[in-house]
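A lone chain, given as structure tokens: the form predicted alone.
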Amino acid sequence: MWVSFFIVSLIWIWPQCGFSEWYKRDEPIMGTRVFVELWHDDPAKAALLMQGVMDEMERINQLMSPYKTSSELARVNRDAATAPVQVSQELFDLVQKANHYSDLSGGAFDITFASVGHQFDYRNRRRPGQQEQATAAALIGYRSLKLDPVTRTLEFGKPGMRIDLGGIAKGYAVDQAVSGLLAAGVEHAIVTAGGDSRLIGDHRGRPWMLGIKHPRGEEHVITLPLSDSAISTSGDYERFFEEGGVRFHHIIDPAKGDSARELLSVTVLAEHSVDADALSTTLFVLGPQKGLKLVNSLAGVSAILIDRTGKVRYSTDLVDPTMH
């Protein structure tokens, strides 16, 4: 199960007038499945627009992937402990955005989690030893990441630190792709990258219907009618392995240097994907009580949390819309 929400096909409306119709395409980019579907009256232009989505996704992948040795992010991880590294304004701004969510959450969102996270190999079921993990966990701390807006440089305050934008970059990429579609006049579309989706308009007169799947089964928990919004889901089933009855997964609690385990999945609704993406990770780390407290304090943001017992919890506005 690669994502915990899906488009409910029963409400799709096929072309009813002229030559306009739905066009769709998907490709493997950013370590996940990137999908775009849009409504257009010109097949050639639709193809160009969809190619533009894929090109933008790949451009950001080349810039921000920690796995590509030629990326800016890889260069930062390689050199920033010895000297300030000058980066593009785009990368600098996204790191600042990430640090905003670190401040907002008291450090629950922290891109320096990678100091520990990179030592896990979920595919091959490998994790660091106890001492190795403790040593790496001591390097986590976004306040040790030095940003200079004048020189546009990043520097690590501790040797051995690493950063990873996996909790925010896909949402940012989705927003960038959507901006291109909006600039081209597209009025109905969806762009998805793994657990992050953003919707342009509605589905030709009706809302897009997205169903959230249960993280431990194929049955869906709730169906959401959406338009002109972003949705992001983070779950402990995306990259993980189990050992001795304990699930080790990729959402690291920076305070512990270990996987966060109070929740199974978090779905966040917001205006932009970059915010929904960062917040779904943030709430997952905070857990049900602190997570709901934070989301209930934010205007224009909703959340659905599934805790480790399988109980579904909702932000206040979804229970009583008059409260938000």
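Throughout, we count residues from 1 along the sequence that is shown. Source: prediction; values computed, not measured.
A second form of this protein, the form predicted together with a small molecule, is not displayed here; the remarks below concern that form.
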Practice task
With the small molecule left out of view, choose which of Trp208, Phe113, Tyr172, Phe156 has a non-hydrogen atom within 4.5 angstroms of it in the model of the complex.
Solution key: Phe113
Fill in the blank from the handout: Note: exactly one of Leu94, Val87, Ile251, Ala80 sits with a heavy atom within 4.5 Å of the small molecule in the model of the complex, namely Ile251
Practice task
Would you check, heavy atoms only and a 4.5 Å threshold, whether Gly166 touches the small molecule in the model of the complex?
Solution key: yes
Practice task
Examine Ser280 and determine whether its closest non-hydrogen atom to the small molecule in the model of the complex is within 4.5 angstroms.
Solution key: yes
Practice task
Although the small molecule is absent from this view, report whether His118 comes within 4.5 Å of it in the model of the complex, heavy atoms only.
Solution key: no
Exercise for the section: Classify Val285 as contacting or not contacting the small molecule in the model of the complex by the rule of any non-hydrogen atom within 4.5 angstroms, answering yes or no. Expected result: yes
Practice task
For the three residues Trp39, Ser197 and His203, verify that every one has a non-hydrogen atom within 4.5 Å of the small molecule in the model of the complex; reply yes or no.
Solution key: no
Handout entry: in the model of the complex, segment of 221-229, 103-111, 175-183, 145-153 with a heavy atom within 4.5 Å of the small molecule
Key = 103-111
